[in-house]
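In the block that follows, a single chain appears as structure tokens, in the form predicted alone.
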Amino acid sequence: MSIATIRNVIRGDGDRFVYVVSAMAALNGLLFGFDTGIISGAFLFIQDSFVMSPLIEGIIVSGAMAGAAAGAAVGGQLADRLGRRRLIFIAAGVFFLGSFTMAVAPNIPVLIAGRLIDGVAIGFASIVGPLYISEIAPPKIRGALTSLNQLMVTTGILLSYFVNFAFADAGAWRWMLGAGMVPAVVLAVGILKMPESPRWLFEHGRKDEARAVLQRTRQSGVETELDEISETVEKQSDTGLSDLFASWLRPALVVGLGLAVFQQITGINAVIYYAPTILESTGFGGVTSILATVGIGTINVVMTVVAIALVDRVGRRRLLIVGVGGMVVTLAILGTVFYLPGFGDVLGIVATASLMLFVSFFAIGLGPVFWLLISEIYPLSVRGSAMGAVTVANWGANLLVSLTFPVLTANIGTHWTFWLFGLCSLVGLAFVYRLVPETKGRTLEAIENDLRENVSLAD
């Protein structure tokens, strides 16, 4: 790439500008993923610093989920009121504060407080990142660009595993948790140079600014898209938060809430949060367990790249069906591995391979497609609030799984816990097949129009 081309990209005078903007917004996903993964390695050494029960262990790990649910509960409305760009900046600042608090925590209550603060930022980020990208991306590549957020989630998880491994020999869990301040600063500085969502600008009467943003992020069709946005805004002039419960929006709300819950109760974050602990129980040492999770994190990133390459060609539904179906099979195998005795050292190898396959199927289906779909299927007037409600459900289910996983494995065994996740995946597969729509290649306004005209989303 020439110097002139780079200059044009930075100024927004080239076709690549939309990729630059989307990549910067996707750093929200990096914060999300880093916080998700960093606790898995740090927790092995936090246990050496503080005496705690299984319940307290669950509270420390799930503290971020509780904060994320709270952040998501208000994040959607804040995104609608303050703007997408401003909320991204706020999320970066809150994440910095939470990471710092955890790094200096002198006791368990302060550590939990830091996890809660970090969680609030993650709640904001999990809404506003996909929302911002979906509204600024051209329809033909919206799937791939919005899925960049999930790619950065998986990259953040992998990065956290490398950080964990780097500090594992020293057991320096404070450095592990404090490292989150770095991506927070990068996001805060970078978003200052990015434009606001054109749809949010138009909705708030700033039409010339909306046109200017579209001209920087589209090769053609700016006026046509502005006309579609204008028509949508006129239709929603009498709408509000009460529309979240209107009959015409109910199909989209059911799809969003269902996917939100199934994404979590199928067990992905139990694996992410507790992967070193799971592998350590098979006979791996602490450092070796953390190193094995690097492999899991790598396959997560690779398969997310595969999903991004396919989502605008194959479609959302097919990726979900293949992904969830594969999760059913791998969870059944994983439960069987932990059920059968006498594996010895082989157990760790088979368990690691099974976890990698499970994560692979999640990464091409429920991982990226859930966040993409909820950024597409809701009307502009309540898009932020609807995504907030769905994301609260997602984090609530995440909280339930992460809090109960240690208790479940202690009481019913690891094998039954994974089989339970497998059963949830099977129900989720039926849900996807019956209700989840295909939105590939369609404008957000066309999807909204189908909702208002009572055209079935699943057709």
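Values in this document were obtained by computation on a predicted structure and should not be read as measured data. All residue numbers are counted from 1 along the displayed sequence.
Keep in mind the form predicted together with beta-D-glucopyranose (BGC) is missing from the figure; the text below concerns it.
Every residue in Asn28, Ser134 and Ser375 with a non-hydrogen atom within 4.5 Å of beta-D-glucopyranose (BGC) in the model of the complex? No.
Residue stretch of 251-259, 218-226, 71-79, 151-159 approaching beta-D-glucopyranose (BGC) in the model of the complex, non-hydrogen atom distance within 4.5 Å: That would be 151-159.
Is Phe32 close enough to beta-D-glucopyranose (BGC) in the model of the complex to count, meaning some heavy atom within 4.5 Å? Phe32: contacts beta-D-glucopyranose (BGC) in the model of the complex.
Report whether the minimum heavy atom distance between Asn269 and beta-D-glucopyranose (BGC) in the model of the complex is within 4.5 Å. Yes.
May I ask you to state whether Phe362 is within 4.5 Å of beta-D-glucopyranose (BGC) in the model of the complex, using heavy atom distances? Yes, contact at 4.5 Å.
Interface membership of Pro379, beta-D-glucopyranose (BGC) in the model of the complex, 4.5 Å heavy atom rule: Contact check for Pro379: no, nothing within 4.5 Å of beta-D-glucopyranose (BGC) in the model of the complex.
Looking at Asn300, Thr293, Asn164, Ser147, which has any heavy atom no more than 4.5 Å from beta-D-glucopyranose (BGC) in the model of the complex? By the 4.5 Å heavy-atom cutoff, the listed residue in contact is Asn300.
Answer with one of Phe358, Phe124, Trp371, Phe95: the residue that has a non-hydrogen atom within 4.5 Å of beta-D-glucopyranose (BGC) in the model of the complex. Result of the distance check: Trp371.
Within 4.5 Å of beta-D-glucopyranose (BGC) in the model of the complex, which residues of 392-410 have a heavy atom? Give them in sequence order, or say none. Going through 392-410 in order - heavy atoms within 4.5 Å of beta-D-glucopyranose (BGC) in the model of the complex - the hits are Asn394, Asn398.
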